[in-house]
Each structure stands twice: as C-alpha cells, then as structure tokens.
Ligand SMILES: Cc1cc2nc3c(=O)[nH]c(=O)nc-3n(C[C@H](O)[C@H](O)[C@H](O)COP(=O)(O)OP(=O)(O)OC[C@H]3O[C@@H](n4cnc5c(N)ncnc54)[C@H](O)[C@@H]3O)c2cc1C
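Only one chain is shown below, in structure tokens, and it's the form predicted alone.
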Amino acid sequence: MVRYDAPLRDYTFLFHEVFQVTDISERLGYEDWDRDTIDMMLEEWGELMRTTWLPTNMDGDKFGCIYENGQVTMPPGFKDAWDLTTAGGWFAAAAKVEHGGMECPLFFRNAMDEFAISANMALSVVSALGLGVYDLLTTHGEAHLIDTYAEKVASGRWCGTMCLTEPHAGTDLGMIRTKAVSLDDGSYSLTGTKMFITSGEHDLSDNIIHMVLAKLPDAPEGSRGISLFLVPKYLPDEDNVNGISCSGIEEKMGLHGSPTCVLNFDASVGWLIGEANSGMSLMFEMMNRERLATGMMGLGLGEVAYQNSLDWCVERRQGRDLRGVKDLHEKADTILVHPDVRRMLLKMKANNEGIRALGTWIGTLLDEMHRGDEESKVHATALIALLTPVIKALGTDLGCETCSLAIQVMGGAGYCSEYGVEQFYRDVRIAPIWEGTNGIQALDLAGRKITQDFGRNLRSLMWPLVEFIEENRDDPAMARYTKPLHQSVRGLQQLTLLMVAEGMGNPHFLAAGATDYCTYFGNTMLAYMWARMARVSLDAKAAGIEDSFYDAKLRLADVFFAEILPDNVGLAAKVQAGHKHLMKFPEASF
C-alpha cells in the first residue's frame, strides 16, 4: 500500500509567506476565505484524499475499467469515493454560490488539484473536466442551459467531457467532420465520431455533459468554421440516451482507472455554446484551464512518488558510507548515505517544490485575471498567456523524470508493482501528451506567446523578475541565488531575441529550438520561485524564528541552483545550434 501525506506545511509557507494569499483574497472579494478557512479546508481536503481516494488507486490500476455492451463500469471503490466527495460538496468548491458552490479562489482550487492527483489521478481528471464544462457553460451558455445543467455539473452529480479529436484529426482540428444541423426548436442535431475522449462513458454519475466541436453547414473552411455544442448523454426531460454510444475504450500503458472512449454521435441533440464558428476560441478557454491542471499532474504524481521512494531509502540498507561506517549497530548503512541516491532524491524534491510554487503563483494570477482591476487583469492575462504552456510542458516533463528517478532509487523494488511507484510512472506518462503535446506547447510559447501584442507578454514578465533582482542585489546572503537568476534572465532575453530574429526568416529554426527554449524558460521561472522562497526563509531566520523548515528550504534552494539551473547552459547551446543538422538529414537514412 502506498503512502501519501498532503504537503500542507509547504502550502502554508507558499500561501501565507511567499504569496500572501489572504491579502489577495480580501482585495479580490473572496470575503469568506481568510487564513483559518484556507488552512482548515486544505487540511480537510488532504485528509479526504488520503483516506478515501488513495485506497482506491491501486485497484484502479489492477482491475481497470470494464467495457461491456456500450457501457463502462469503473474500478472497485471509485463510485463510493466519488459519491462521498459529492455529498461533501467538494466538487462545487470553485462554483458560484447560486449553483451550490463556495466560490473558492483559484489558487486554492489549484492546490486541491495536486492533492487529488496524488491520491488518484484517474478520479481527478473526471473532476477537472467537470469544472471546465461548468466554467464554459456559465460564461458562454444561454440562461436556460445554465439553469438546467450548471448546479448538477458543479456538484459532481453530472460529469463532463471535452470532445475534440476524431480518428483522422488530432491536433489539426480544422479537419473535423462532425456535423451539426439546426432544428426547429433552436437545438441542433450532431452526427460524427470522437475518439480519445477521457471519461466519455462511466457509471460515476447519472449524466455526462459533452462539450463537442462540430461544423455547421456552409461553415468557413478549417478551424474558423468550428462551433461548440453542449450535448448531454441523457436529455434533461427524458429518460433515454441522446443518440450517443460508446463503441470501445482504449487499452493503455497506464491510467487504467480512466476510460478513454470512442464516442459516436448519431443525430444527438445539442445546444450551441457562444456564437457560431467561435468554437475553437471557446474550447481553448477550457483547454488552457486543463493545461494548468495537466501541469499539476506532473507535480501530483511526482510528489507521491517522491514520498514513497524516500520511505524506501530511509529503511533500505546497502553498503557503507564511503567516508566511514555510519551505523555501527547494523550490517549496512541506509542508502541515504550514498551521494548519488541523495542527488536523485533532492532533485525530485527541488523540482516538486519549485513547480508547486510556480503553480501557486499562476493560481493567484488567475484570480487577478478574473477579479482584479483593469490594470491587474491586463498584467495577469499577459503572464498567464506565457506561463500556461510553460507549466504544462515543464511540469509534466519533470513529473515523468521524478517518477522515473523514484523507480531508480528503489532499484528492483521500484520496478515491481507491489510497491506502487511504477504505476505512477505509467500514469504520468500521458501528461506530456494530453491537452496538446509538449512540443506543441513549446511552439505556442516560442511562435505565438512571446511575440503576442508586440512582446507585451514578455515585458509583463521581465518587470517583476528584474525588480526582484534589483531589490536583492546588495544583500550578500541572497547573492548565491540572485546572481545565477540574473544570468538566466539575461540568457532568456538573448535567446528570445535570437528565436524571434531567426524564426522570422526561417520557421524551421524556431521550431527546432522551441522545446529547449521552453525548458530554459521553465527553469528560469523555477529559479525565480526558488529565489523568492529563499528570500522569505532568510527573513524568517533573521527575525529569530526557530524552525528547521526554513533551513531545509535554503539548503534545497542551493540544490536547485547547483544541480538543476546549470542545465540551461546546455539548453542555450542547443537552441543556438539551429535547425540545419536536423533538416538536412536525408529522409531515406532514417
């Protein structure tokens, strides 16, 4: 049985010392979300995940989902865990009060995502999709649709999906063939096939609300002619299936507790969301929220993998410390005495805590974007545009690396199913593919987001980075953090100019370096997070607060700047190398 303890102390530090979220909550009108409420709710959610969701996780992997006669049965315990969470009102935490919600801040919802992913990723994706459907519905849906669906979707009594991919059209959605024809009553009839639909069919809820991309007759060619429709599995006033059938679920490497479905829409009744032919922009609203949640998948599984591999290392005895025996009363020392084991564990821990800080910052920016004044909204929107592809790509890449390292430090035991860690690696491997592959995220960052609005996004980021560096430039205790951060920021500016200048003349140059540029960008963001956490920890120690937590933060910051940030040197060299060595390789020689 795997162990999981929610990282409450780390979130207390991030919420109340690094980002001062209670000040943000008060300023943005989250009146009921003071420090006591935030801490209590987070502790209760973590305990629910540990006691209710976590025990179902290994059964989800072992037994998987069962497909029979067009229906999907979820693994043992999933339905009970879902119902308990629904009864507690937890799924509605981010929903509006009029829909039974608590209107929690999005930085808090982001932390909830991490805990849920660590405890049971297969269940967590169902709740994340429901929140995405709720947001689209309440923002762009007509009043009668909101009245019919919003409260039930918010509560978890009804679930949701996003239906984009078709057998012949993956990333290139302009090629979709699903058709929508208007009916006399203002609804539409949809016909087509969608595949790779996460949680497209299951028995967790009484209904499933699909957000479906389709084309109207005489719509413009390509992605400009796509519209978005709400299509329920069951019509609200009838007790029959709405022309939707599941023709199978995929056999996958991991995430066996999550059904990945092929859905057939046969004259299924749906309703237009937003304006006709605006489906792509609307779906991207949902996808961008899901991309943040997907980035947190890397963290959630990385955290639980780290905790369990650390437990192993504390108990496992092999060999002796190279500088002499540590434990005279045992035949061997624990493997924590070995520098390479420490290197792997500390790299896992440093990346986890860095991504957690970055995710928390992004959560506060989402709140600013939705509730701040006009100036705050503009600034936050620009930062979100840049940071969404970064955290999705970096968070999921690091999640894969962390879960792989967890297996490595455990040796053969890590490779065996009995100990649970190998499942985390198989489960997390989908995350770099989901919601647009990480290569697409990198192209989005390098090809669109850094040049958007004449570089406004990047200017919005550089201002807080440079300001932080200047504020701490003369503090000798901060020099070991601010100097490498400054070098990395300067390098990012130079690489950005290179990508823009060369990319304008040859898009192959930009595309060839995009992934390494995105990783460089992400490492720089983590360096900023670690420098900020170091600043707070130094201030706490200077104030005479005796807490080993701050000492550990500072030592882990040292690990990040010594072991991880130097990778940027090699990444910069690869970006500068350009594209010719890739594109000149003859196809016949592959």
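As the structure is a prediction and not an experimental result, all values here were calculated from the model. In case it trips you up, residue 1 is the first one in the sequence shown, and so on.
Only in words, not in the display: the form predicted in complex with the named molecule, which the text now covers.
Judged by heavy atoms within 4.5 Å of the named molecule in the predicted bound form, the contact stretch among the candidates 430-438, 409-417, 462-470, 97-105 is 430-438.
Contact annotation: of the candidates Ser187, Thr139, Thr165, Gln493, the single residue with a non-hydrogen atom within 4.5 angstroms of the named molecule in the predicted bound form is Thr165. This chain is displayed alone, yet in the predicted bound form one of Met112, Ala81, Leu216, Ile197 has a heavy atom within 4.5 Å of the named molecule; that residue is Ile197. Under a 4.5 angstroms non-hydrogen atom cutoff, the named molecule in the predicted bound form has Leu443 among its neighbouring residues. Using a 4.5 Å cutoff between non-hydrogen atoms, Arg320 does not count as a contact of the named molecule in the predicted bound form.
In the predicted bound form, His508 stays away from the named molecule, with no heavy atom inside 4.5 Å. Interface membership of Thr193, defined by any non-hydrogen atom within 4.5 Å of the named molecule in the predicted bound form, is ruled out. Contact residues in stretch 493-515 (any heavy atom within 4.5 Å of the named molecule, taken in the predicted bound form) are absent; none meets the cut-off.
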